[in-house]
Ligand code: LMR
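First, one chain by itself in structure tokens, the form predicted on its own.
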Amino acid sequence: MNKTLEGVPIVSRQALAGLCLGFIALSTPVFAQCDPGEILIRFSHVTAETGHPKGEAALLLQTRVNEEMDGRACMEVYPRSQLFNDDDVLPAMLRGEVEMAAPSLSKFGAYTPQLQVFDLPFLFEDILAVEEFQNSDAGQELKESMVDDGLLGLEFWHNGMKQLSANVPLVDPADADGLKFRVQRSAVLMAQIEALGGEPFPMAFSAVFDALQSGDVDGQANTWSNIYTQGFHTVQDGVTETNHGIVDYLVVTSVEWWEGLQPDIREDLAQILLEVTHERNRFAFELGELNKIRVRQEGATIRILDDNEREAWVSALAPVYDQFRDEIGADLIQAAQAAEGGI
């Protein structure tokens, strides 16, 4: 069946490379030159500025804001942790030092336990199931789950499904026993590694490559786009295609800054962000598939689990649900499990 994401067909692999290469070529960085009197919007993120779903989305948002809101607002985008990393950006936002960001959903655990639902293992079949849940009433309500702490979610941005890598082959869950894995600072993600007998090691995204290269950590879990653009595959034994989780982002701002905007500014900015979200989310899957091809072409081993091997990983990580069900909310977990995928 030819499934679609936001109405766009999932294309064949042959068409994929041409589509994404053309897409990336149009994404040359545009650096803002803000004029006096314009509202400055600083957008901080941690990934590559081109060739990565978040970087591409941020560039398009910057371009459209600076063209369509010229004279009223001006956006400056800071990629690759040039302004803040994802661990520091939310406190900085509450201090008024940055206006917008798109941290990984795993970074919000200190502000709301509900967003931890996205960290549960093997919850979503694919990115279409993620899309369906995020667009549901339960998913949309999550955007306002942090307003009491001063943060407001605006839009979800896709990256893709997570794969697992290490400095040794990973086929059976027992292969992870005793290994040290870099994780995001999420209790659910740390519990996953512990369930496998490994040691979780929270670390900023910008530090992961050096830690893998030096052997300070043995492995990591990430999307094809993150793996390729950061070069993680070049310092690992290979990548196991587990599709066991997701890396998605929430475009976030402070309640105080957002509500302080003039209504017309806020409405125009929200509309541009909505349109950018729809356009760039359509390409997140294709871009991830292209980066998977690039990882293979650069000589990395990609291991595909058969049904029995995959079921072993599902079973090994199942106890994580019992550990966090009450904290996250059984109803919310059930709503996520009900989302249908099927790329």
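For every residue, the number given is its place in the sequence shown, counted from 1. Values in this document were obtained by computation on a predicted structure and should not be read as measured data.
Another form exists, predicted in complex with the ligand; not displayed. Remarks below refer to it.
Peer 1: When the contact criterion is heavy atoms within 4.5 Å, does residue 165 count as touching the ligand in the predicted bound form?
Peer 2: Answer no; every heavy atom of residue 165 is more than 4.5 Å from the ligand in the predicted bound form.
Peer 1: Find out whether any non-hydrogen atom of residue 47 is located within 4.5 angstroms of the ligand in the predicted bound form, and reply yes or no.
Peer 2: Yes, contact at 4.5 Å.
Peer 1: So in the predicted bound form, does residue 244 come within 4.5 Å of the ligand, heavy atom to heavy atom?
Peer 2: Answer no; every heavy atom of residue 244 is more than 4.5 Å from the ligand in the predicted bound form.
Peer 1: Can you check whether residue 224 is within 4.5 Å of the ligand in the predicted bound form, heavy atom basis?
Peer 2: Looking in the predicted bound form, residue contacts with the ligand do not include residue 224, since no heavy atom lies within 4.5 Å.
Peer 1: Pick from 254, 116, 134, 104: which residue has any heavy atom within 4.5 angstroms of the ligand in the predicted bound form?
Peer 2: Contact residue from the list: 104.
Peer 1: Taking the ligand in the predicted bound form as the reference, which of 126, 155, 86, 99 has a non-hydrogen atom within 4.5 Å?
Peer 2: When the ligand is considered in the predicted bound form, the option within 4.5 Å is 86.
Peer 1: Tell me which of 192 to 200, 69 to 77, 268 to 276, 244 to 252 has residues with heavy atoms within 4.5 angstroms of the ligand in the predicted bound form?
Peer 2: It is 244 to 252 that comes within 4.5 Å of the partner.
Peer 1: Give, in sequence order, every residue of 156 to 182 that has a heavy atom within 4.5 Å of the ligand in the predicted bound form, or say none if there are no such residues.
Peer 2: Contacting residues: 159, 182.
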